[in-house]
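As a starting point, one isolated chain is supplied in structure tokens, in the form predicted on its own.
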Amino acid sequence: MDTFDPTLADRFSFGLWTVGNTGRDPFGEAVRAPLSPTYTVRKLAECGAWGVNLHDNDLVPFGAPASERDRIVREFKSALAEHGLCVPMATTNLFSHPIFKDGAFSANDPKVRAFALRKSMDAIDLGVELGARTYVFWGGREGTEADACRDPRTAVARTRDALDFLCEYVRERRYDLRFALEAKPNEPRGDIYFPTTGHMLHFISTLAHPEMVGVNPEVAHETMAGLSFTHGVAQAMEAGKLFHIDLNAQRIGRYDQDFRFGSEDVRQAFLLVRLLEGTMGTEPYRGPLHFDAHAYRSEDEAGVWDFARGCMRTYKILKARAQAFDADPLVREIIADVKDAAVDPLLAGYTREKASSLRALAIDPSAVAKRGLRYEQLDQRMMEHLLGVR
């Protein structure tokens, strides 16, 4: 074992659907056999993972009778106990079955919305039974191609009604559970409601129990829209709403690729890990680190476990690089806060006196603008740390 091999303390998790991805895509059939949930638990434990996450139907097939459901869950719990893994997060598949072709919570047919609520309640019960503390909602079918089918405000209101309903369900049952909402701009719908983490953060503020609801940002989903994932995560952290996170890799402007973490845009992956780990001296994220990605279609089963180990090792390598970068004296010098005893007290907490003092300050804009900020030097130093020459 070396420094970059994962341990339980790293809080790394995978979904049954991630390592269980068979390599099927819209243009080709599966290239790998499905993996049973109990086998997946064993193999993830061998790789050094801490947790395993699931949609309801990743574990219990859709429509399975109660006796079959109980047997599957019993065997899965036994495997978790045997191999020392936990289930930190669960979610509901509200996108695969044809009933959800027009959405789930936002669908025009009230029977579809009723079915989505019922399925979610059952899946919440399952997640809690397995020990999940976070419950994710991704609205994969909550969107449109024919946008005239409904007023988008109706979709927002219906989604609010659903989440308020499910929050009350969790409260009434006294579950120790909170919700995390996952944004995506498109795919499988032409446009998906709440396309970014910023949309979700505002929506949460309109709920009856906003304290129960946060976000689950995903690298690929924000990158598809050409946005800085690190900035979105930082806003969620600043708001106290980063309840869970999905790590993978993505090229801008492409379909949802779900590549191995760090395999694209290493700079952004580095900046993300730096943020999450708080190596700048800021408060770190302490929740699960979930890899929502899958192995290339080129791989057999052995390649799946290479993929899983690669996600975890890359994260730990980037963490070490971030620690070294932020301990670098030159970096600390360049990014140190500029202190001005006369100005700093005036910049927060409005009073009439502070406003008058700000107006009276002698500031020469041209002189201030002449000062170089040394960001070229900072960025080059970051690259040298990333490339391993520092």
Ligand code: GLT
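The structure displayed is predicted, hence computed values, not measured ones. Numbering starts at 1 and follows the sequence shown.
We do not show the form predicted in complex with the named molecule, though everything after this point is about it.
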### Query
At the 4.5 Å heavy atom threshold, is Phe95 in contact with the named molecule in the model of the complex?
yes
### Query
Is there a heavy atom of Thr91 lying 4.5 Å or less from a heavy atom of the named molecule in the model of the complex?
yes
### Message
Residue-level contact is defined here as any heavy atom of the residue lying within 4.5 Å of the named molecule in the model of the complex; does Phe194 satisfy this criterion?
### Response
no
### Query
Quick one: does Trp138 come within 4.5 Å of the named molecule in the model of the complex, counting heavy atoms only?
yes
### Task
Consider the chain as shown here, without its partner, and state which of Glu264, Asp256, Glu277, Asp122 has a heavy atom within 4.5 Å of the named molecule in the model of the complex.
Asp256
### Query
Where does the named molecule sit in the model of the complex: which of 126-134, 313-321, 264-272, 216-224, heavy atoms within 4.5 Å?
216-224
### Message
Within 4.5 Å of the named molecule in the model of the complex, counting any non-hydrogen atom, which residues from 1-40 show up?
### Response
Trp17
